[in-house]
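First comes one chain, alone, set out as structure tokens in the form predicted on its own.
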């Protein structure tokens, strides 16, 4: 019997080592693939990105075209997208976790969220073109693009915030309610502060995903280079950078357009823009981890 147990233990140990080795290999391949993509894009575009004037010049500059307007439009579009999507997603997640009864309406809402999250972004862009551009008469504009990205971003944020709220221990809810706090007070003063690190991390990561989106914006915000005048005080002018009813071209859309137009020098600009876009997305991910850890340390007093 002792020999059988020893043999069984040896067999289990061998299987564990094999499984660990396979999983380690898979993780290594994923990391190697990510590193290869990052290194290749930086190798192709970093030289152009660091060229004087590339980040500050207008794309319409004949001698040394840059991506300053596309860089501004990308962050401005992201700002409006987050202003629309974060409050809606936060409210929807709180309702589904804390208030919604378990019935067919709640099940249908969750199914709709899952379905919306699986839609291709180009389909969302086509719907945005028909509804926001044509029906709502917002035209091809920053507003139409931000609303299309909001549709793309809401399912991701709802699931992230929902998971963050569900991870808060049930004992904290029960203790708060037992002390006489209402459900709303429990949500705002107990659950949200406890879940805030995970929520902020999810918001920043989703921002990185939205920042690199192109397909949904081709039909809604346009692909024509902007002619921005930062000294303009006419907020209704198409050259005023803060006008949300003007067309805008983000960096991701700019890359797509450059690759579709085989003109001399376009490939070099596209690689430089791709390098800048990738660095921004990587910074979003780093920022998410830093903010998440900082908030977790502050909220938990550890």
Partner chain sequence: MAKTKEEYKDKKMMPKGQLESVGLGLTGACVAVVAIVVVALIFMVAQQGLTTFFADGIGFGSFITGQNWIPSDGRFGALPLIVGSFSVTLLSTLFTLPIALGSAIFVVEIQPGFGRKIFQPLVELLVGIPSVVYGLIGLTVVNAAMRSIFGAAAGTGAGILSGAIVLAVMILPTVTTLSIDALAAVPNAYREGSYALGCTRWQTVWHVVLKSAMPSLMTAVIMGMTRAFGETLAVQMVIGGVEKSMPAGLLDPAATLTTALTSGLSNATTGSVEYHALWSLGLILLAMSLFFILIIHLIGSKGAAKHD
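Everything numeric here is computed off the predicted structure, so don't read it as measured data. Positions refer to the first chain, counted from 1.
Just so you know, the form predicted together with the partner chain exists too; it's not on screen, but the next bit is about it.
**Student:** For the three residues 167, 203 and 293, which mark the spot I'm curious about, does each lie within 4.5 Å of the partner chain in the predicted bound form through at least one heavy atom?
**Tutor:** Judged in the predicted bound form, none of 167, 203 and 293 sits within 4.5 Å of the partner chain.
**Student:** Looking at 71, 143, 198, 94, which has any heavy atom no more than 4.5 Å from the partner chain in the predicted bound form?
**Tutor:** Selected residue: 94.
**Student:** Verify the contact flag for residue 278: yes if a non-hydrogen atom of it lies within 4.5 Å of a non-hydrogen atom of the partner chain in the predicted bound form, no if not.
**Tutor:** Residue 278 belongs to the contact set for the partner chain.
**Student:** With a cut-off of 4.5 Å between heavy atoms, is residue 82 one of the residues that contacts the partner chain in the predicted bound form?
**Tutor:** No, no contact at 4.5 Å.
**Student:** Is residue 138 near the partner chain? Define near as a heavy atom within 4.5 Å, in the predicted bound form.
**Tutor:** Outside the cut-off, so no.
**Student:** Contact with the partner chain in the predicted bound form for residue 67, defined as at least one heavy atom pair within 4.5 Å: yes or no?
**Tutor:** Close contact is absent here: in the predicted bound form, residue 67 is far from the partner chain, nothing within 4.5 Å, heavy atoms only.
**Student:** Is any part of 99-115 within 4.5 angstroms of the partner chain in the predicted bound form by a non-hydrogen atom, and which residues would that be?
**Tutor:** The stretch 99-115, when checked against the partner chain in the predicted bound form, contributes 99, 109, 112, 113, 114, 115 at the 4.5 Å heavy-atom cut-off.
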